[in-house]
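As a starting point, one isolated chain is supplied in structure tokens, in the form predicted alone.
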Amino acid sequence: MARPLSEEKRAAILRAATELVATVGTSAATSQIAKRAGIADGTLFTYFPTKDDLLNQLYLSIKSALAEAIMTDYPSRAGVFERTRHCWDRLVNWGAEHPTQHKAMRQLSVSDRISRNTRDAVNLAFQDINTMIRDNLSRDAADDESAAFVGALITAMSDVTLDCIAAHPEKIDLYRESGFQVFWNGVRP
């Protein structure tokens, strides 16, 4: 009878993968990840059968944590400005508080190793936000490509904002506000 898998080992693997993907990208070797996690190379594959499985689970884990941070107390009945502001502030605050996860997420977001199924699962976690973008912020509410463009703008603007915050953490309030104003002025309905 096989031993049950340890949640602590799984978490250690994901932490190690986060750190390495953030610093060296998706080319991080599984042997490096296992070593940093404090486990034998083969043990990693007990938890994640392939490197792609690991990367997909890592992406899903990071994006789920971000979705939880954004969706906590999400003002679903508020106006579009208040909902957008809530999402922006939570996104920037999360990225500033979790810079390693944010860097790993950026690497994984552009990786072709992340499957369509994983991306679809992530989109479900952001369904309320995606609906708000599609219905209220995109220029053509019937056009999913327009909504995807606005979503990409949010990502790009928040990435720039977080880069500035990383360089000057004492100016977090200024950069969070300035970034939002530039974004909002560009997309407001």
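Residues carry their position along the shown sequence, with the first being 1. Bear in mind that the values here come from a model prediction, so they are computed numbers and not experimental data.
Below: the form predicted together with a further copy of the same chain, not depicted.
Note that among 148-156, 29-37, 48-56, 63-71, the stretch whose heavy atoms approach a further copy of the same chain to within 4.5 Å in the predicted bound form is 148-156. In the predicted bound form, a further copy of the same chain sits within 4.5 Å of a heavy atom belonging to residue 107. a further copy of the same chain in the predicted bound form is approached by residue 160, whose closest heavy atom lies within 4.5 angstroms of it.
In the predicted bound form, a further copy of the same chain lies within 4.5 Å of some heavy atom of residue 164.
With respect to a further copy of the same chain in the predicted bound form, the three residues 128, 136 and 169 uniformly fall beyond 4.5 angstroms at the level of their nearest heavy atom.
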